[in-house]
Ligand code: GLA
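Form predicted alone, single chain, as structure tokens, below.
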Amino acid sequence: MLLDGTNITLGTCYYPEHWDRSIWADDLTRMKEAGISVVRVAEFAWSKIEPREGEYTYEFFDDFLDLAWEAGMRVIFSTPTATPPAWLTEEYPEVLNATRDGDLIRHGSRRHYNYNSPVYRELSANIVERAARHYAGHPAVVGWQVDNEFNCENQTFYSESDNMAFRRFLKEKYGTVECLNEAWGTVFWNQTYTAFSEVHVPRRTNSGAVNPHLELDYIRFISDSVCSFAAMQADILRQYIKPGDFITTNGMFGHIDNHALTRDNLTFYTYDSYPNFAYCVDGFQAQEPFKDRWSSRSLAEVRSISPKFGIMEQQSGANGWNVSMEAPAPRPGQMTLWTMQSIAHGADYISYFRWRTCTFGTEMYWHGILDYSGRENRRLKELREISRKVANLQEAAGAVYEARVAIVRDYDNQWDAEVDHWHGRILRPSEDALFTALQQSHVMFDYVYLDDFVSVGQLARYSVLFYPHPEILTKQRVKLLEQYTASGGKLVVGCRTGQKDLRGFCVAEPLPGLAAYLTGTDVPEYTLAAPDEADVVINWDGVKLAAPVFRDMLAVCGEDAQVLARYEGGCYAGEPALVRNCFGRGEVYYFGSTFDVATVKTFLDKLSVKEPLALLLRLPESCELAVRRKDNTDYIFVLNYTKEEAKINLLFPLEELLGGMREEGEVTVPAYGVKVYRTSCMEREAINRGKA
């Protein structure tokens, strides 16, 4: 099975329905010669199995699977529910998604269905069962992908089926309409309901504003709908798959509790990694200052969802649709860099999108390894070199990403920051700053999502937790943080902590609400940062830190709390801006503003977690550092994302696995280059002791 800790495997996405049968065997042979051993198929091929309702033909994929088996190729088979066929949407238009105004989203693209149509559920269950019953026993099939990229294109749903399902969701959650009214504060603006039938998914309003508590529950409902649809398919597949075969899905899009989706339905999760979005000509997803390095942020989040994970679609060529997204071809070395970026973060399966570039359709400019002609090209040559390098890394299969710092998240706050503009204005820049500062300081980090399944033991792996702006807090989460801190952990929170309850209501008690005892603070006053007070700073032992976007005036409450920094300038001049509370054997830091890069770096320095491998090697900020550990051996990845050479300094001789040489002193990492060094934990400890 893939991701069993024994191999790092390369695969690709293949669409036999796009190509004449006469080239299938040659394509499979060329894949094998280039180091590919797995292909994914069928995610958009409903009509190849059910061309008309109730009419089934299995020969097409039978022939392909037989060829794959003969070629020694393993196959991931997909359920084709991401693109219902024309016969289905014409006969049953109720399966279509709709806009906020109720207009149906018509056939002609993809993901045009809704999860809650009873008809679509029935037809989807049927095609999944038919496919699984026929193909799951084939020896070439080793796993199944459920659907494709849940909530890609659309993460909101407004069909009549969604209306009815939303009401059922709310009735199950609240029981009575009176409890619903209380939970949503419907007395405001006379929104009170007298029956569940009066409740709708969000619709256009006069002001554009919708009850924020309705919207928060609506996002929770969407997540529940996705998870339910995935569970329906996974339950069917489990009846037919061979022992050892896996169930997965791919993507990572919004309005889904991907942790619950994976935990309840999948063997492991897979991600679709497209770092080249950062280079789009039209600016789509272009992120500064890191460009493609920002994909490491997504990979860290995937790792939180599924510690064992793979890449179902890894960028291999230029990307773009004929209607949007124009990005250049990967530069020489970038395909290797992006592959190693995924492996560095924990992926042991890398599948390239796609083998051949399609000559027609919306994605005819979304290039794969081969161009339209299928002839030998630079990317195929680079793939062969990647395969050679991956062969040198096989001993690292199953190694675990090493992090001693974590950014804490939860879905309630992530979704509330979408609904609440004030919340979003502070959370997004703080999370951007955290990632940037951690990367530039070469601090490996994880994301940890607080839910009912997280234990204090899991949190105790980290010496420092950043929970930047947990506006929504619960007693359970606060208790967990108290246990973590009391046992010796260090927790850093920012402004507006504890302002809301789980409904999204602002609490009617002194802030920071449930976190007051933990943080040892009171917040007597707070404000958005006014434009004419942009020069306000926070003085922390002579270090001047910015106080952007929002400011909490703090006060100490508790004998173990201490003011560390104060505001300078503005109406809060002289007031506390940073408080440290000694809690058990640990510490809690309440920072009264939004975090920028300089602020985060100051925390990393003062909390002694900056440059964790500084005694072993020195890197410029342009290089990412990642470490995976297995059996007391560390695999140290150094990735250069720039088009210039990077100079690193090895303070001790280290074996470099990709080139098979021992290196020491100043080493040059080529443009878009990667180094992977091996060292034992004992060697590291000896170095640390010797330099202490």
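In case it trips you up, residue 1 is the first one in the sequence shown, and so on. This one's a predicted model, so the numbers in the text were calculated from it and none came from an experiment.
Just so it is clear, the following notes concern the form predicted in complex with alpha-D-galactopyranose (GLA), a form of the same protein that is not shown.
The three marked residues, 148, 313 and 363, each reach alpha-D-galactopyranose (GLA) in the predicted complex, with a heavy atom inside 4.5 Å. Contact annotation: residue 321 falls within 4.5 Å of alpha-D-galactopyranose (GLA) in the predicted complex, judged by heavy atom distances. A residue is said to contact a partner when one of its heavy atoms sits within 4.5 Å of a partner heavy atom; residue 349 fails this definition for alpha-D-galactopyranose (GLA) in the predicted complex, lying far away. When contacts are judged by a 4.5 Å heavy atom cut-off, residue 341 does not count as touching alpha-D-galactopyranose (GLA) in the predicted complex. alpha-D-galactopyranose (GLA) in the predicted complex comes within 4.5 Å of a heavy atom belonging to residue 250.
Heavy atoms within 4.5 Å of alpha-D-galactopyranose (GLA) in the predicted complex belong, among the stretches 235-243, 208-216, 148-156, 612-620, to residues of 148-156. For the options 353, 135, 268, 589, the residue carrying a heavy atom within 4.5 angstroms of alpha-D-galactopyranose (GLA) in the predicted complex is 353. Contact with alpha-D-galactopyranose (GLA) in the predicted complex, judged by any heavy atom within 4.5 Å, is made by just one of 567, 309, 583, 274: 274. Applying a 4.5 Å heavy atom cutoff to alpha-D-galactopyranose (GLA) in the predicted complex picks out no residue from 625-660.
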